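The chain below stands alone and is given in structure tokens; this is the form predicted alone.
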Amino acid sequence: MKIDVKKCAALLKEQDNILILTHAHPDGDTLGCGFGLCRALLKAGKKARVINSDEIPSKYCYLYGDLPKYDFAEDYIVAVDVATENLLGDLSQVYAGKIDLCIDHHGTNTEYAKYLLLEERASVCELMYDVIRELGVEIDARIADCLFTGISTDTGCFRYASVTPATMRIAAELMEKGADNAYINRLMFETKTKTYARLERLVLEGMEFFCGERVAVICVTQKMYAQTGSNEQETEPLAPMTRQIEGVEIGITLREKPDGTCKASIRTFESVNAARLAKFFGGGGHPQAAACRFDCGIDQAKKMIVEKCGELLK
């Protein structure tokens, strides 16, 4: 059932022992949402915790490092920034069909939760700002850092077409509440580990072009992680790079998982709907940024997705 911000806040006020699920291969928006909501619920006197199927990249430790570690039997399950249950990764095996509330901004959301708060905002953190205010919780500097992180990362530091005047106003209000925008943006967009720098160089050397060079594909393999000392948690900045090549309309980043399967991150311009492309393979997302998973190796996945790109670009 679709609900509004007021109903969402009312549901959360009625609950305690709240478990918050974030999507696999976590980014700034799902983590900012999850930990921002967790902090707000704790301030409201409730028990809450955030979990993820994958290791959280160390650069996000400022979002949660000081939080208490509650161990409780969850009474209420909330998913944030999760368009489909399979995007929960391994958590879907435990929580599929059991999610009470989903807070999301993806138009491709499959409405798997009992209640769905869905608004196509620039980021879910932008929507979470309204939810927390409706809860009656005062946004402090820690919550502001969480929400600002999600807004900044999901808008490419406010560069994407999804940014609206409301996005900028909320970001400014979060700064007024104490969000350390300079630190967050430097950490998210200007700081690279040496292992990531080695991986980036290796990946870009192997970039391939298809469909009259309108499609760019980069592949990240387990062998590359071993060669560079990097890992999947460091690969988030790679996906936007595929769209930066002149003449490229579809950028695809394929990441190999330890079990030999892979995930595709898709970035496009307005000429191609990324969410539509992802949906062919059971994924989803936004018109210009989407993702999907493949139960096969990178070579086969690349062949399938490039073939579908060719159909969409005709």
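Residue indices: 1-based, along the sequence shown. Computed from a predicted model, the values in this text were never measured in an experiment.
Same protein, other form: the form predicted in complex with a further copy of the same chain, not shown, and the subject of what follows.
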Although a further copy of the same chain is absent from this view, report whether Leu116 comes within 4.5 Å of it in the predicted bound form, heavy atoms only.
-> no
With a 4.5 Å heavy atom cut-off, would you call Gln227 a contact of a further copy of the same chain in the predicted bound form?
-> no
Any chance Lys223 has a heavy atom within 4.5 Å of a further copy of the same chain in the predicted bound form?
-> no
Answer for Phe72 alone: is it within 4.5 Å of a further copy of the same chain in the predicted bound form, judged on heavy atom distances?
-> no
Tell me, out of Asp100, Glu236, Asp130, Glu173, which residue has a non-hydrogen atom within 4.5 angstroms of a further copy of the same chain in the predicted bound form.
-> Glu173
If we take heavy atoms and a 4.5 Å cut-off, which stretch out of 104 to 112, 161 to 169, 135 to 143, 72 to 80 is in contact with a further copy of the same chain in the predicted bound form?
-> 161 to 169
Between 185 to 206 and a further copy of the same chain in the predicted bound form, list the residues on our side with a heavy atom within 4.5 Å.
-> Asn185, Arg186, Phe189, Glu190, Thr191, Lys192, Thr193, Lys194, Ala197, Arg201, Leu204, Glu205
